[in-house]
Ligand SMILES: O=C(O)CCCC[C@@H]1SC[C@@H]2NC(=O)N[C@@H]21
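Let's start with one chain on its own, the form predicted on its own, as structure tokens.
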Amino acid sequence: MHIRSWIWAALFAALTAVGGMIKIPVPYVPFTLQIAAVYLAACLLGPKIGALSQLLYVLVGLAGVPVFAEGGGLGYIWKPTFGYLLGFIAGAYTSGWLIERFRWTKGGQLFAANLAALVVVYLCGGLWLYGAMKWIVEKPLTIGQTIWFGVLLPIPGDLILCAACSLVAARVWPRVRPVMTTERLGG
């Protein structure tokens, strides 16, 4: 992989970290702007480098740098929200793969790809939230409560970010295509 690919991945990892610092406290799962960086990484970097950006973000946080919404460190894997971070990696790959596979470039198409990423993030995050609350925190949530706190409460904001990032990516992509195409090809 070319060094510029690593630089792009690091830049989007940093954007994810900044998004984690902008948060609205909500019970169990704070609403942050991190997902916006996931959407944009997938749209602009493609599946591999987009997912790499999120993997770098998670690894930096687990190494102890306080880049997560509630700090950092290896112990973060025991937090009820850690599954969302794993979902960022899988979600960026999913969205990027759909965009690349079907050559999607229009706002509505990018919205569909980013919506798929959001489903993946919520699936990973919701499952982890349910398990962590039951077996780690020992304050179990019902499946209904998990869906309420882990999906339904944050989804309006995440859908607005999904739409906004899809439109931004559709507008930005033609301008950055020469640079990003080189990155996607590893050249």
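The first residue of the sequence shown is number 1, and the count goes up from there. Just so you know, these numbers come straight off a predicted model, no measurement behind them.
One more form of this protein should be noted, the form predicted together with this ligand, which is absent from this view; the next part is about it.
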Quiz item: Are Tyr93, Trp104 and Trp173 jointly within 4.5 Å of this ligand in the model of the complex, each by at least one heavy atom?
Solution: no
Quiz item: Which single stretch, out of 139 to 147, 126 to 134, 61 to 69, 46 to 54, brings residue heavy atoms within 4.5 Å of this ligand in the model of the complex?
Solution: 61 to 69
Self-check item: Contact label in the model of the complex: Val120 to this ligand, heavy atom within 4.5 Å
Solution: no
Quiz item: Phe111: heavy atom within 4.5 Å of this ligand in the model of the complex?
Solution: no
Quiz item: With the cut-off set at 4.5 Å between non-hydrogen atoms, does Tyr76 touch this ligand in the model of the complex?
Solution: yes
Self-check item: is_contact(Leu85, this ligand) in the model of the complex, heavy atom dist at most 4.5 Å
Solution: yes
Practice problem: Output the sequence-ordered list of residues from 20 to 56 with at least one heavy atom within 4.5 Å of this ligand in the model of the complex. | Solution: Val29, Pro30, Phe31, Thr32, Gln34
